[in-house]
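Given as structure tokens, the chain that follows is alone and in the form predicted on its own.
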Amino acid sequence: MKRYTARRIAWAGVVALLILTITFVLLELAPDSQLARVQFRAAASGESAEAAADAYARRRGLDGPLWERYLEYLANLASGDWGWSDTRSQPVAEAILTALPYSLMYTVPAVLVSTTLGIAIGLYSAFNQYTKADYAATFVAFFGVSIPNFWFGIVLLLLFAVYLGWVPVLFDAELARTRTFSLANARQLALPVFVLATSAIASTMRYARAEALEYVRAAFVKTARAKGAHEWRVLTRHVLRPTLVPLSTILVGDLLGVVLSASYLVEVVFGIPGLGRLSLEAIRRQDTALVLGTTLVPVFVAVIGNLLQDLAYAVLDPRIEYGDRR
């Protein structure tokens, strides 16, 4: 297990380095709108556009070779220096630590709710296959998977904020910062949590139902029932445990999906100043250091999540060996 864990951590470092390299190169290849504006203003005032471009590159530290700047960035990163955000005039780490709590306020409840309800509904649907409850759960699953998060969020805002007035239209960042666990903050986070949880519940429920169906009518489950085992024991000991092994992969995927993709759309729709919105603004304004910093956070979550997922296999299924188990 130790050798396997060490290999997985080393491989995770390689993956993180590869993602950082690709992101760095893509940002360098992308057209710089700020540079274009600087050159246009210089040309409009009768000055040299090339001189303005050179001054802009020197001011932002872009005048050196690409490989030299990349190695310098990696060296700073290894020493704990994530760089400086030109657009926000503050360290990248400080900008991320400021935005991250806002993302956690709605992603953590959404993941917990979707994981619990998704597995519970999926197991109930499998134990009651082809009943009205099963059809209703399947309809909810297809609805949650099919509906776009940004459209669903806008519709909910119009209905519950504009027409009914049950929740605020605009997200109050100061309220969320100073009164995080208040009822007022819970009201303004209700819709983002609901939007994220809807799609996550749907995907988790579908996989939980499909996996549980393989065991509901298995021979060892029939044997347990024949011996008089209670349905709760059959569910928790003979169906839930083998179902959790493949589900652990899905749960990590759902978590990454929520953090990586849905957070961008949800934070833009609801005006939440979280990590997704910070990363989106950094990409728009080509703040290289901030883009790389906001990329590192989900990469770290992915690496740790996949490592924990692989280690969970051995706990959930003792038949799985890693080659160095004694």
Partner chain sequence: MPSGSDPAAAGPSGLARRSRRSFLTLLGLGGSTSLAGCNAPAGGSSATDGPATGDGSAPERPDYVEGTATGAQTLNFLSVDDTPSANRIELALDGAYAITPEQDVFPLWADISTDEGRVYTVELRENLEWGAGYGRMTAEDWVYMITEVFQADPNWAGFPNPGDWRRGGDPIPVEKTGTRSFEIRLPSVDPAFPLRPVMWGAFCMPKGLIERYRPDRDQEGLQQDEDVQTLAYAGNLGPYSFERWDRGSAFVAVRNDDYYLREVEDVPEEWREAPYFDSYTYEVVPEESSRISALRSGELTATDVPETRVEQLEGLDDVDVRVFPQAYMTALIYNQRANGAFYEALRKPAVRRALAYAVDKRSIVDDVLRGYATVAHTFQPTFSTWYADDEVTEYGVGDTYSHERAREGLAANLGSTPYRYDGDRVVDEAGEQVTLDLVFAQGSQAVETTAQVVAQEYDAIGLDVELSGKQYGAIVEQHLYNSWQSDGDPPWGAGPYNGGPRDGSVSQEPWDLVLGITFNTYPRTPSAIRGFTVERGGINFYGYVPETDFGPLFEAATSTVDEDARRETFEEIFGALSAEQPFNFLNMGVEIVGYDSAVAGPEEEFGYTWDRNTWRLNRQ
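Between two forms, the rigid core is defined as the largest C-alpha subset superposing within 1.5 Å. Remember, it's a predicted structure, so these values are computed and weren't measured experimentally. Residue numbers count along the first chain shown, from 1.
The same protein also exists as the form predicted in complex with its partner chain; that form is not shown, yet it is the one meant from here on.
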Applying a 4.5 Å heavy atom distance criterion, does residue 268 contact its partner chain in the model of the complex?
-> yes
If you check in the model of the complex, is residue 219 within 4.5 Å of its partner chain, heavy atoms only?
-> no
Would residue 298 count as touching its partner chain in the model of the complex under a 4.5 Å heavy atom rule?
-> no
Touches its partner chain in the model of the complex: residue 108 (any heavy atom, 4.5 Å) = no
Where does its partner chain sit in the model of the complex: which of 229-237, 153-161, 201-209, 109-117, heavy atoms within 4.5 Å?
-> 153-161
Let me know which residues along 163-191 have a heavy atom within 4.5 Å of its partner chain in the model of the complex, or say none if there are none.
-> 163, 168, 169, 170, 171, 173, 174
After fitting the core, residue 46 CA displacement of 2 Å or more between the shown form and the other one | yes
Using a superposition on the rigid core, decide whether the Cα position of residue 60 changes by 2 angstroms or more between the shown form and the other one.
-> yes
Once you line up the core, how about residue 72: does its CA shift reach 2 Å between the shown form and the other one?
-> yes
